[in-house]
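Here's a solo chain for you in structure tokens, the form predicted alone.
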């Protein structure tokens, strides 16, 4: 049985931990909104291109823009999808475990995912910085500065890494998450 002093100590560190969880999830939600806007932008660009081609014209950059849009939407939505358990997972072992054993395996998986994701984000961020410094642009007629799509992908991976870090802390300290399992999508309720 916990005493009143123990409860206050737990509440003392639980509040910042829960604020961190909510802050990271809010960041993931904002990135998901940007990803959705990219999808809308791609759709509008495709519709514009259809109309222009009916008039024997073109923007000549559809493939490039849609490619950047898909990459950006994919990377920006990772954190939000992860928090909602919408990413593919192989649960052959983990689904059979319960309690502390499951949390230990999940913690190991979280740390491993964080290590790999951090390395990839670092490489892409370095590439974006190098592209910025050198003024590299795409070879298309639009001459898009390459640091922009690279930076968006790096930002998406960094947000995903923060979400994985928050989730790993939840596994270690057995904390509740900002999204209860089976809850409706809060992003849908906001729109």
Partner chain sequence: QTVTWDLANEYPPNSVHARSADTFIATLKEVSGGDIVVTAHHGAALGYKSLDQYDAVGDGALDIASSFATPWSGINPVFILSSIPFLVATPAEERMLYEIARPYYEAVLADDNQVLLFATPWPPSGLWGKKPLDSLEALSGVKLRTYDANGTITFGNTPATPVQLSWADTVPQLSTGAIDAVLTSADGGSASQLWEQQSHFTEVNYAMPLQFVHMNRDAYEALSDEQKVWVAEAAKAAEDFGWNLLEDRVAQNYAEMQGHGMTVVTGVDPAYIAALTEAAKPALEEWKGKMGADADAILSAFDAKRAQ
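Residue numbers count along the first chain shown, from 1. Predicted model only: the values in this text are computed from it and were never measured.
Separately, the form predicted together with the partner chain exists; it is not shown, and the next lines address it.
- The partner chain in the model of the complex is approached by residue 62, whose closest heavy atom lies within 4.5 angstroms of it.
- Contact annotation: residue 141 falls within 4.5 Å of the partner chain in the model of the complex, judged by heavy atom distances.
- Contacts of stretch 117-138 with the partner chain in the model of the complex, defined by any heavy atom lying within 4.5 Å, are made by 130, 134, 135, 136, 137, 138, listed in sequence order.
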